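Below sits a lone chain in structure tokens, taken as the form predicted on its own.
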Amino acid sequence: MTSDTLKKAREYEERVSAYIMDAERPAFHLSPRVGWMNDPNGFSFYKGEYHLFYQYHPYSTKWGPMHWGHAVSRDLLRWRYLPAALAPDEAYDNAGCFSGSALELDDGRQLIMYTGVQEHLSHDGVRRDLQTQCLAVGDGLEYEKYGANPVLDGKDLPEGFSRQDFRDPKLFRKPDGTFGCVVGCRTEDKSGSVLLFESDDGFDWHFVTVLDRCYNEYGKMWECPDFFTLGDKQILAVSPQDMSAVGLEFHNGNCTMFLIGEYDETAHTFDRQNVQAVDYGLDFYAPQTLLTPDGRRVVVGWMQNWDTCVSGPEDKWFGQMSLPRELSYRDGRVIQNPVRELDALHGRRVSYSDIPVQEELTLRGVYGRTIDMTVTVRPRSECGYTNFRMKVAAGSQHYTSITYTPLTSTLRVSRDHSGTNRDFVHVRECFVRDRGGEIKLRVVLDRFSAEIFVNDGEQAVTLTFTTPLSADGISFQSQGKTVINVEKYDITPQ
């Protein structure tokens, strides 16, 4: 039975979304139907379609009491909105339905597991909301909350672990068909950890182990964990809050990381062997993965950063999801590339080979704000070059720049001329693998964002901007002599 709270949200989004034009949105990245969006939730394949739910406050473009928005797609790129799936309408989630996940049960129903947040006034008069894990079951459109919610609460936690920071369950099926779930939690030393729970049927859960923990090394709370196999490695993905910078690998604030290792299914132990940033840009957080029917591991993230969430009073929506990316494992790193479905949206092609670059240069046909462009740069003389810079979303006053400096093997992205007048972080740098001055950059633009895939996916660098759509120029410049190859496709999602 649909609650009055959920009915109200559905009626509101149906009415207000009619006034948002497609041209005001990203063309092939999911944005909220109305209002506010943050974390991807319930990323799954069900009944022949990809389902992507999301943290959602329909009534404003600011964070508020969390609902679950809902959209479906057959190709991971062209999305169709469905009515909001969840609303904070029970005592155990009256302060919000926080992040979670979804998978298909053996009987054909779709199971959702999410964090319910309950207002709690402690004995000292301070509000300390309690977080528990809850279930809902549905048919891909309508979902009914489980009568025995919550299924995991404070009594299921190890001693000393936080009931206030216990959230973001990620479901998975084990090889024997039973269910596993990883949940983020704070420990007795006030830093992040990931807890592993198991269930025979998806409804009755029990604690198994602390899968990994931070010990205050990588940020504080570890949000939005994910746990999956990639190649011959097991990957634990987490999103640390309050991170301190570690060289150019991890930046201050809210980060994302892959913990790469091996998992012993019998002993329930995870042997962490390496740590890698998921994205090296300005706007990427809380990623979640799914396994496609053809066996690909695909990840999507919230294409935003908590420290730069600025929207104007007239905005109709805020937040968008990243391009879904295929993951693989190569040479000790997790590799990310745009899903292959993007190729089907390629329109007009423009190609150039062996173009010398020094002074700022534009190329006929190389422009646009919805494009997929690959640029390969290499030195034109034995002396090499000092740096190479590409400007995108460029006009008479605005541009976003991508700069490679071979001497230090660093890539720098900057949106400080993109049109914003807010004083938050606009620049990010990262190290890339030295290839003798050569670098390959695949740049996907979608109106208000750029996603850069470096050297066939060795790194991903993401940023958003609010540059007027009339600024659609692209230019190239180098200090020293370079030669570039360019292949550009317009993206036509209709």
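Quick note: we count residues from 1 along the sequence shown, nothing fancier. What you see is a predicted model; the values in this text were computed from it and never measured.
The protein also exists as the form predicted in complex with a small molecule; that form is not presented, and the subsequent description refers to it.
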Review point. According to a 4.5 angstroms non-hydrogen atom cut-off, is residue 63 in contact with the small molecule in the model of the complex?
Key: yes
Review point. Any chance residue 449 has a heavy atom within 4.5 Å of the small molecule in the model of the complex?
Key: no
Practice item. Decide whether residue 98 counts as a contact residue for the small molecule in the model of the complex under a heavy atom distance cut-off of 4.5 Å. Key: yes
Exercise for review: Classify residue 306 as contacting or not contacting the small molecule in the model of the complex by the rule of any non-hydrogen atom within 4.5 angstroms, answering yes or no.
Suggested key: yes
Revision key, fill the gap. Within 4.5 Å of the small molecule in the model of the complex by heavy atoms, the stretch out of 460-468, 36-44, 440-448, 426-434 is 36-44
Practice item. Consider the chain as shown here, without its partner, and state which of 391, 369, 170, 167 has a heavy atom within 4.5 Å of the small molecule in the model of the complex. Key: 167
Check your understanding: Which one of 279, 212, 223, 226 is close to the small molecule in the model of the complex, taking close to mean a heavy atom within 4.5 Å?
Key -> 223
